[in-house]
Structures are given as structure tokens and as C-alpha cells.
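This document starts with one chain, in the form predicted alone, laid out as C-alpha cells.
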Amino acid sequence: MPPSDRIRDHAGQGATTVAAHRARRRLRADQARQLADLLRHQILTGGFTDDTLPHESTLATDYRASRNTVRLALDLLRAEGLVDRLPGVGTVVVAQKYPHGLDRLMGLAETLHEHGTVTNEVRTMGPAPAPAPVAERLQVTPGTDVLYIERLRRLNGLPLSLDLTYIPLDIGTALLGADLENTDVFRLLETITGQRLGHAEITLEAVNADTHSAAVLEAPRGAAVLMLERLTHLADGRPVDLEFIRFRGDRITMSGLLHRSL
């Protein structure tokens, strides 16, 4: 074989080897991500005794994965802040996410009452001209004053969410003297109006924390937070509460029960 052909043949074999190596790495990364998803579910549902994960070799056997794949999966969970490795102990759960249901219309304290005490730090509260998008959603004239409230909400003392709330002023005025530090706005709205809340339209998305939100939530700047936009209506259909809620994504998990309807 001419030297030039041997060189081309060797180069071709090298390219094949590199491609195969990259394919194996991608496959292992995919498998690690899949395993991390399964382990995350176990962690969030309290599936590990004493919050200690089984040994890597046990996880490898149970999930039919290689030790390298298990290590990569645990690295992903460690990067999320869910687990850590302690010398002489192993991999342990170091953070807890609290379940927030999406299939019932409830305030935060009502939702998380089984997990501790929710307290509210009212950072800003008072009348403010309604921006056009807010006025449209609340069905008031643009520029009309609405009640604006900014609250930092804590669960067991830890920052959980930053809530920005807009309420029509004819209802919101009665909130000015209310105990917003210890009471959900939902309960106060029902008391003030004499009506039950009816339904809410929600949108949930992940956004990066801006400088202000990150500082208030004590989260890293640019960290992903869960943004819940919610427009709540009274039982008679009137929109009364427009909220933009930024949850720390490392402390909350959203869930719901959906029924298929064609």
C-alpha cells in the first residue's frame, strides 16, 4: 500500500475512533440524565431512608447502570444542591423541595401548611397607576390607580418567593390595614368582597433571576426561578388579583392532576 494510502487509512481509523468515543460519552450523559430524573423523584418523595442514598454499586445494580453513569447522575443532583457527599457517610439529601399543587386555587400558606409556617415581609404597598397590560387584565381604565404589593414570602424562615400583586383599588383599599404579614391575600379578598374566589388563569415558566429578585430571594444572580403569573377571579367572574410570583426553583416543585378530555 502506498504511504499516502496508509496515512489516509490511519486518519480514517482515528476519526472513527474519536466519533465512537464521542458517541459513548453522549450515551453515558443521556443515561446519567435519565437516572438523575429517577433519583430526583425518589428524593422529592422521601424515598430514601434517613435521607441517605444507597451506595453507588447498589444504585448501579438497581438501575442497571454503570458506576460511571451513577457518578455522573449524582454529580448532576449535587450541582442542583439536592445532595452532597459526606466522608464516611455517603451521598445524603441536603435540600428539600416543597410541593405546590396546580390543581386547586389556594394561597401559599394554605398550600404549604403541612410543611411549616409561611410569613410575609411586605416590602412595598400602596396605590400606583395601572400599566396598560395590568389595566387590561384587571378590566380597569389604563392609568387608574390600583393597589400594588410586593412581598417576600418565607417558609420556616427561608426565602421562598417574591410576589408582585396588583388589585383594583376599590377592593385593595380595605387591605391597607390588614395583617398581610400572616394572612394570605386570598382569604382577605374573600372576606372583603363577601364572595368566594372562583377560578384563576395561570402561566408557569422558568426565567433568570434579575439582580433585585436574586438579592431579595438570597439566590445567585442569574439563577433560574419559576415564574408563576396568575390572574384570579371572584366567583362572579370579576378579575381581582393579578400576580407575578418568582419562586426559588431549588425550594419548590409544581405538580397537578390532569384529566384527558377530547
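From 1 onward, residues are counted along the sequence shown. Remember, it's a predicted structure, so these values are computed and weren't measured experimentally.
What comes next is about the form predicted together with another copy of the chain, which is not displayed.
For the options Leu105, Val93, Ile192, Leu112, the residue carrying a heavy atom within 4.5 angstroms of another copy of the chain in the predicted bound form is Leu105. The contact with another copy of the chain in the predicted bound form, taken as any heavy atom within 4.5 Å, belongs to Gln42 out of Thr58, Thr52, Ser66, Gln42. Of the stretches 153-161, 169-177, 124-132, 85-93, only 124-132 has residues with a heavy atom within 4.5 Å of another copy of the chain in the predicted bound form. A residue is said to contact a partner when one of its heavy atoms sits within 4.5 Å of a partner heavy atom; Val70 fails this definition for another copy of the chain in the predicted bound form, lying far away. Although the partner is absent here, Pro239 is not a contact residue: none of its heavy atoms lies within 4.5 angstroms of another copy of the chain in the predicted bound form. Contact annotation for Arg137: at least one heavy atom lies within 4.5 Å of another copy of the chain in the predicted bound form. Though the partner is left out of this view, Glu205 does reach within 4.5 Å of another copy of the chain in the predicted bound form, counting heavy atoms only. Contact residues in stretch 183-204 (any heavy atom within 4.5 Å of another copy of the chain, taken in the predicted bound form) are Phe186, Glu190, Arg196, Leu197, Gly198, His199, Ala200, Glu201, Ile202, Thr203, Leu204.
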